[in-house]
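As structure tokens, one chain now follows by itself in the form predicted alone.
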Amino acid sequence: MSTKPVFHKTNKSHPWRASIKRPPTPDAEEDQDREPTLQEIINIKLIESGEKEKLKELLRERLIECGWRDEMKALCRAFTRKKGRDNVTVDDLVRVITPKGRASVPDSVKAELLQRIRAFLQTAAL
């Protein structure tokens, strides 16, 4: 019998939230003094236009179609079997699987996304 974490009404965050590595929040005053980078400007435009969500959905579809998602699931299952189900954390899986996942995204998927981003940038006049 496995034990599951108990969520109380006072515990508003998910237990995995603390395990996600996030960069420290920059000082608000320091942020106001500098101009946003080109990458930040592009990201803002992608979000405001809704294009970022469309690109993420396209990526999900393409990765499922080419079998990448199933391959990653199999890697996760194999790692979990090898280490033992109770001895594996989400952080362990992320640390081990992420490099393999990034390296195995098909070039055709990367090229399609890059083409879509370039087309967006041309229409957004950046």
Partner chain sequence: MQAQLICFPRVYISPVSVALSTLMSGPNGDDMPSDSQNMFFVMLVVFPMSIVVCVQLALHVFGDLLDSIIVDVASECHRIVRLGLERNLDEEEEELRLSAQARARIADPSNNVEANGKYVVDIFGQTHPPVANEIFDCMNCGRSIMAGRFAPHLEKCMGKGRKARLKATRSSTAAQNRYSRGSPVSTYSPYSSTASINRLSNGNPRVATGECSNGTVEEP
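Keep in mind it's a predicted model, so treat the numbers as computed, not measured. Numbering follows the first chain given and starts at 1.
There is also a form predicted in complex with its partner chain; it is not shown, and the following applies to it.
Exercise. Quick one: does Ser49 come within 4.5 Å of its partner chain in the predicted complex, counting heavy atoms only?
Worked result: Although its partner chain is absent here, Ser49 would stay clear of it in the predicted complex, with no heavy atoms inside 4.5 Å.
For this session: Verify the contact flag for Lys73: yes if a non-hydrogen atom of it lies within 4.5 Å of a non-hydrogen atom of its partner chain in the predicted complex, no if not.
Result: Result yes; Lys73 sits at the interface with its partner chain in the predicted complex.
Exercise. Taking the shortest heavy atom distance, is Arg85 within 4.5 Å of its partner chain in the predicted complex?
Worked result: Yes, Arg85 is a contact residue.
Exercise. Taking 4.5 angstroms as the cut-off for heavy atoms, does Ile41 touch its partner chain in the predicted complex?
Worked result: Yes, Ile41 is a contact residue.
Exercise. Using a 4.5 Å cut-off on heavy atoms, what residues in 60-83 are near its partner chain in the predicted complex?
Worked result: Going through 60-83 in order - heavy atoms within 4.5 Å of its partner chain in the predicted complex - the hits are Arg60, Leu63, Trp68, Arg69, Met72, Lys73, Cys76, Arg77, Thr80, Arg81.
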